[in-house]
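Quick setup: one chain, the form predicted alone, written in structure tokens, and binding and motion questions come after.
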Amino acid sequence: MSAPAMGTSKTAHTDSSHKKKKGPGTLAIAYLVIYNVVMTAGWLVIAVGLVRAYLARGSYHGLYYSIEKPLKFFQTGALLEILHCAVGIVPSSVVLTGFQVMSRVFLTWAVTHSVREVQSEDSVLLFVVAWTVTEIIRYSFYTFSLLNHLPYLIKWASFLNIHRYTFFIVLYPMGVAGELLTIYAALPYVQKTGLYSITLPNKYNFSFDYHSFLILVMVSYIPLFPQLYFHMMRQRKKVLGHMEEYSKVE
């Protein structure tokens, strides 16, 4: 997903450098740079596709179809981030990263792809736009952070980090709203078709109701969304505080 966070100040960085764990090796850093550059480019392709489709049609309805393939490809590509955490080249939580990535992959494939009737819903565009802006900033920040030995890139990384922890205030609720509305719109079609449901009797003596499962997914947002949102708010406060300290030292 990313490289270790940049130091908050030159003095603090020098005093505590011997206490920090050894970061990823040269090959790992090179791989992560390539990965993040590709992902940044991919989400930029999605952004450009949305804008071009909107200008051509003069309407935001049905824009999903113009970016369906790259969205599926690059959102699925985020699964590698779980592997990055698992093998230790990125110091992020495997559980938290896995949850965040899998929830998006689930919505991309198990809801939006599988229930074609919802693809024209405005709610799909809502989460696609939120994801796109978020990921362009996030992957760009990770790329510049990995190349932080270049002074002008440090400034760009700092700039992107500030905006990353500012735009989420609007983008995160916007994305969650789009996700919930899309799942809700899919419920009638899932119930009508019995999509992914398993009924009794069968030789495994097992049943599964995908409609009920989607409802449970929606309900799970109630306890999870506030926790993740306020976690990001705390991170924002910490990051902005570190940026202020860094500016004072310079």
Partner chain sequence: MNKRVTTQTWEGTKLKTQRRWTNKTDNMDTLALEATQPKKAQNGALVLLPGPPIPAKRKPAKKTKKAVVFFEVEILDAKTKDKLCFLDKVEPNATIGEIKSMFHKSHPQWYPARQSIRLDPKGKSLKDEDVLQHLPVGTTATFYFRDLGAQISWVTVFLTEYAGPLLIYLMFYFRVPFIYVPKYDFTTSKHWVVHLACMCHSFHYVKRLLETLFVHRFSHGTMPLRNIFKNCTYYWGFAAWMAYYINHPLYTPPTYGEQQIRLALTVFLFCQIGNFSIHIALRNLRPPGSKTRKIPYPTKNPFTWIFLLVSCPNYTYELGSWLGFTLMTQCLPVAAFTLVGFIQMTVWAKGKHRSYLKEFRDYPTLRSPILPFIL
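Keep in mind that what you see is a predicted model, and the values were worked out from it rather than measured. Positions refer to the first chain, counted from 1.
The same protein also exists as the form predicted in complex with its partner chain; that form is not shown, yet it is the one meant from here on.
Trainee: According to a 4.5 angstroms non-hydrogen atom cut-off, is residue 220 in contact with its partner chain in the model of the complex?
Mentor: Outside the cut-off, so no.
Trainee: Contact between residue 26 and its partner chain in the model of the complex at 4.5 Å, heavy atoms?
Mentor: Contact with its partner chain, no.
Trainee: Is there a non-hydrogen atom of residue 204 within 4.5 angstroms of a non-hydrogen atom of its partner chain in the model of the complex?
Mentor: Taking the distances in the model of the complex, the answer for residue 204 is yes, it comes within 4.5 Å of its partner chain.
Trainee: Tell me, yes or no, whether residue 41 is in contact with its partner chain in the model of the complex, where a contact means a heavy atom of each within 4.5 Å.
Mentor: Judged by the heavy-atom cut-off of 4.5 Å, residue 41 is well away from its partner chain in the model of the complex.
Trainee: Just to be sure I understand the contacts: of 30, 216, 200, 56, which is the one whose heavy atoms reach within 4.5 angstroms of its partner chain in the model of the complex?
Mentor: Contact with its partner chain in the model of the complex is made by 200 alone.
Trainee: Heavy atoms within 4.5 Å of its partner chain in the model of the complex: which of the stretches 62-70, 31-39, 48-56, 206-214 has them?
Mentor: Answer to the contact question: 206-214.
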